[in-house]
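Only one chain comes next, encoded as C-alpha cells, the form predicted on its own.
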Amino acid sequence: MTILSDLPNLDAVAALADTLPVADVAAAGAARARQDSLTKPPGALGQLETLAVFMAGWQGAERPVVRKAQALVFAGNHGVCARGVNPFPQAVTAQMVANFEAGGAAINQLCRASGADLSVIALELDRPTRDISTAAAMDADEALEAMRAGAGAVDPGADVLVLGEMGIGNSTVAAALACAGFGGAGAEWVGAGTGSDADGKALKAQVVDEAVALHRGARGIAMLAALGGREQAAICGAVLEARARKIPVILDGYICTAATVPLYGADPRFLDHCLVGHVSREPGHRKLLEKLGKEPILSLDMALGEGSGAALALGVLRAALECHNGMATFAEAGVSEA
C-alpha cells in the first residue's frame, strides 16, 4: 500500500498536505547544536552543515545516517514531439532505457560512485501522452495511475531517494509546467534541451505559449494532467510516497524540478523534504529554483538529466554526514574554544 493507493481521484491529492509528517524540530535543533560544538568555527562548513541538520530533522536523529540510498529514473514519451520540438526521435527514449538497464549510461556510473541502488521505470513508452499544445497530455485517471507507479517504486527502507528522468521532448514539458506555474513567456523558460538551435528554441517557446494558453484554467495538481508527462507524474508520486515515509528526496535538474511544480502549486509544503542536487545549464532552472525557494547543492554546468546531478549531490550529502558524525567536539579533542 502507498499513500496514493486509496486516493479516489487526482483532485484529492491536495488534501494530503495536511496529513503528511513534518521534520522533527527537536532533532534538527540537536544537530545544529552539535555542529556548533565541532572543532571548526561555527558555520565554517557552510552548506554541509545545513545538509546535516536537514537530514537530522527528517530522520528524527541528532546523528543521521545514509545506509541505503535509492535512485529512481522514470522514462516516458510525449505527444508534443509531433510539433518538432526535439532534434532526436522518440525512439531514443527506449534506447536509453536499454542503455540504463545495461549499465552504460552516466547515471549508472554516478550511482555506483555515490553508493545508490538504481532502478529504471519505463512508463508506457509505446503510448506517448497527447500533444499539450492541442489537448491535455493525460486525463486525470492516467495522471493518477502514473503517480501510483512512482509511489510504488519507492523502497520503504531507503534513507534518501534520488530522482531522475528520461524522455525525448520533456524539456518542452518542463518549460510548460514552469511557465504555467509561475508566469511569463515561453521564451523565458525554454533552453537548448538535447541540442536545439536558435530556431528550435523559438519553436519550443511558441509551443509552450500555445500549451499554457490552452490550459490556463488548470492550476495546482491539475497542471500535471494538462501539461505533464507520465515520468513527471511518477516523480510527483515518488515525492509524495517518500514524504509519507519521511524519506528525504534529492531532485535532479530542470526537468525533474519542474515536474514538482504541480505539487508546489497545490501546496508548497509538499516539497519541504526535497533537496535539489544541482542547478542545470538550462536557463529556466535557476529562475525556477528562485521561485521554489530552493538552493542547489552543486553548480557544475550540467544539463544531462537521468538523475546525474542528484547522484553527484548524494556524494556531497554523504560527506556532510561523515563530518557531522565523525568530527570531534572541542571538548572531546581538548581544543580551546574562542
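This structure is a prediction, so every number in the text was calculated from the model and none was measured. Sequential numbering from 1, following the sequence displayed.
There is also a form predicted together with another copy of the chain; it is not shown, and the following applies to it.
- Look at 210-218, 231-239, 99-107, 135-143: in the predicted bound form, residues with non-hydrogen atoms within 4.5 angstroms of another copy of the chain sit in 99-107.
- Listed residues 68, 281, 269, 291 were compared with another copy of the chain in the predicted bound form; 281 is the one with a heavy atom within 4.5 Å.
- 323 is the sole member of 12, 17, 22, 323 with a non-hydrogen atom within 4.5 Å of another copy of the chain in the predicted bound form.
- When another copy of the chain is considered in the predicted bound form, residue 37 lies well away from it, no heavy atom lying within 4.5 Å.
- Among heavy atoms of residue 45, some come within 4.5 Å of another copy of the chain in the predicted bound form.
- Within this chain, residue 184 is remote from the site of another copy of the chain in the predicted bound form, having no heavy atom within 4.5 Å.
- Within 4.5 Å of any heavy atom of another copy of the chain in the predicted bound form lies no heavy atom of residue 157.
- Counting a residue when any of its non-hydrogen atoms is within 4.5 Å of another copy of the chain in the predicted bound form, the hits in 282-302 run 297, 298, 299, 300, 301, 302.
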